[in-house]
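Heads up, the chain below is alone and in the form predicted on its own; it's given as structure tokens.
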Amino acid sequence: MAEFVMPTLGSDMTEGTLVEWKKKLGDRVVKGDIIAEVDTEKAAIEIESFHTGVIEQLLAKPGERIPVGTVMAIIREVGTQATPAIQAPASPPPLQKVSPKEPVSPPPPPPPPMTAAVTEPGRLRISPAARKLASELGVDPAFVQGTGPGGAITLDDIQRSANARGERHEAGGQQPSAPLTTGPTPLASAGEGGDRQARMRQTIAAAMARSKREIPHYYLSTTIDMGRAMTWLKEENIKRPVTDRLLYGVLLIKAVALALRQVPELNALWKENAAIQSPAIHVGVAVSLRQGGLIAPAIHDTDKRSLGDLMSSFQDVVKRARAGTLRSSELSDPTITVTSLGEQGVETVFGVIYPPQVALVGFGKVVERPWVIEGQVVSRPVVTASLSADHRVTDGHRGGVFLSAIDRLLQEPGQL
């Protein structure tokens, strides 16, 4: 028998709300199948099964808030047989842990996510995050066309509906570039949406406070000549269809992934007072959410992907992060994080490490600066790359080797 537990989707997560089961009792599941959808403070996440077998028991109910590590279901793995001796003791502990208040106070209705799902007209498929955004923007989900899996209504769908309505009301006026900023700020928003924003900021604050309190950070930075990379990128994009063109950001992500092969100490997780190097390189990319906050899902096996594949994966993960349709493995698997504030005009980023990772790489915007080449001062596009690293795992020397490796890789963009 295998236990399906509420996973940890980041160091700032202590519990999640079960939105719905994607499988039912008796269904056969294969490793990697989506078995449940869970709502965290940041997004609704699809949870994958890590086992292959048949679902023997479902121990949690939609709407319940479940602590991380609590058993939610029992899966009978291939090659084993269901027996009363195994099933009997498995049931009580999770029920005591998951829903201790049910026998004490049966009259109250289920928590808000379950109530909303039941009372929603027409049995709408809508993630909790999208429902809350709809409430904030005054959008009726019943009149929104869902574009997510199975017709589910996503954050993007709600945002488009709000934008379209704004265009109609403004009668030709300029459409706000950030609809959320036209009303109260997220933390000041009334009702459930404001509460969610406040909880998200609290969980982020707790994770960052823990990081600065427990991790002895050291910081390094270097300025990288992007002339060759930008020239190569321009020539490469001419050969590609418009839909397949590359952003310079994917060159940075790929360079970080390949540099980790040379300094594998930075591709690790700190667990039980020791750094455990990861055999795979899963770069997490920081994505700003439209409703506020950040999330850093992983692009799996980043170092093994072609630039075209990496570009496609990057666009996909950003879209799904903002739509609230990420998979659990994309949040639990990052081995290092890359963040960039270049679009905001920031030239240098010194980030805070996201535990249990041991390093974070930051990039600013590409700017023109005087640069000396063969004794001549010329104008060159440059970017500042920074490293925030855990001093328990590496030192400044190894960090410097890592940044130098990124620089060298970006001087040969055709080899990425």
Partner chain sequence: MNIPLTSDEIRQTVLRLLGEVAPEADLTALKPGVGFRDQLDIDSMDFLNFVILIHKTFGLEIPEADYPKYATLNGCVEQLSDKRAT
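Every value quoted in this text rests on a predicted model; they were computed, and no experiment measured them. Numbering follows the first chain given and starts at 1.
We do not show the form predicted in complex with the partner chain, though everything after this point is about it.
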{"query": "Region of this chain that lies against the partner chain in the model of the complex, out of 215-223, 265-273, 232-240, 68-76 [heavy atom, 4.5 Å]", "finding": "232-240"}
{"query": "Contact of Q277 with the partner chain in the model of the complex (heavy atom, 4.5 Å)", "finding": "no"}
{"query": "Contact label in the model of the complex: D309 to the partner chain, heavy atom within 4.5 Å", "finding": "no"}
{"query": "is_contact(R245, the partner chain) in the model of the complex, heavy atom dist at most 4.5 Å", "finding": "yes"}
{"query": "is_contact(E343, the partner chain) in the model of the complex, heavy atom dist at most 4.5 Å", "finding": "yes"}
{"query": "Residue among L258, V318, I204, A198 with a heavy atom within 4.5 Å of the partner chain in the model of the complex", "finding": "V318"}
{"query": "Contact assignment for the partner chain in the model of the complex, among R228, R290, R327, H300, heavy atom within 4.5 Å", "finding": "R290"}
